[in-house]
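The chain below stands alone and is given as structure tokens, in the form predicted alone.
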């Protein structure tokens, strides 16, 4: 097959009608999540039963959940402590009887409060900057009570399960515009009628998540799944590591620096602060491309595109360059941990910056070639249901927008030649 034919469009990967909220995938909204059907199809084609899967940018753990259902051990990494919490809960065995006993106690206590005409008991309020800017006094009081209640739960797996529902509740009862990834306060007009039912919302999420957990536990195989804070950009390698190396990587790295693509840190900040997780305000700074680098890229597939951006906006070009330098560093770390017969599957978007297309898929292929990998295929799929920005502002002038991504590329490389049919 020629090099040109290795990249092709395949609408069977669009999964337009698929239920993307099966099992524990229903637990928590998050930007730009890989849909489970992609990970599932890749595992079917390249998975190794009782082998090991690595996801170096695991987010909320889609690939870890699917690996557990398929029968592969898995390790995920992420710098964001909130998504590490979510990924861990989604992929972990939790005792349903212990969970139900705690949920019954919580429901009884919340019912008693409602029976007492909504008088919420006082509880310590966390020291969060601009707290009253983002939450009403009534919501703060309710969240503080729930936070104190949850923190008293002794069973860590049960406590974390409830914290995940609490996290999603925090964002939805805040004054943030829930359609945005960045922190923007809703309009004064919307604020007039905004009176969320904190306890009711949490209860609905707990019920939904409990149902998803039960279906997951029925089909989860007897394998390990763990989540690490290792930052592969900095050369940190997660544990555990299998003796022969990881057999498979299924992952979706960030599309670009958080400043101008998906602001993961801003999206998760309020919930992380309520829970008390570390570095809640630093995530976007320590993410890929968050810090400028003095290094450069030579003969890279993205070099000419970055030069074109530089001719229009030198600052943006430096930001884009910093992202790809960090991505290359991360790939160098990932490659060290892979088996001699490993397959890597990177789901990436070729974003536009200043009307210039950045060939991230070609960059991934080039970076892994340096480590003995052969490019097997790049499958182009439409993005019908992924929660992510579709437009940006290339000129930073109000009202002027440009398309970013309506497609993404599934890049597949292997260290040895193996034939697989989709």
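Positions refer to the first chain, counted from 1. Worth saying up front: this structure is predicted, and the values here are computed from it rather than measured.
One more form of this protein should be noted, the form predicted in complex with a small molecule, which is absent from this view; the next part is about it.
The candidate spot formed by 38, 54 and 344 is out of contact with the small molecule in the predicted bound form: none of the three has a heavy atom within 4.5 Å. Taking the partner from the other structure, the small molecule in the predicted bound form has a heavy atom within 4.5 Å of a heavy atom of residue 254. The closest non-hydrogen atom of residue 233 lies within 4.5 Å of the small molecule in the predicted bound form. The closest heavy atom approach of residue 162 to the small molecule in the predicted bound form falls outside 4.5 Å.
Among residues of the shown chain, residue 80 is one whose heavy atoms approach the small molecule to within 4.5 Å in the predicted bound form. Contact with the small molecule in the predicted bound form, defined as a heavy atom within 4.5 Å, holds for exactly one of 356, 26, 33, 383, namely 33. Comment: the small molecule is not present in this chain, but in the predicted bound form one of 302, 288, 338, 271 has a heavy atom within 4.5 Å of it, namely 288.
The stretch that touches the small molecule in the predicted bound form, counting heavy atoms within 4.5 Å, is 59-67, out of 375-383, 361-369, 59-67, 43-51.
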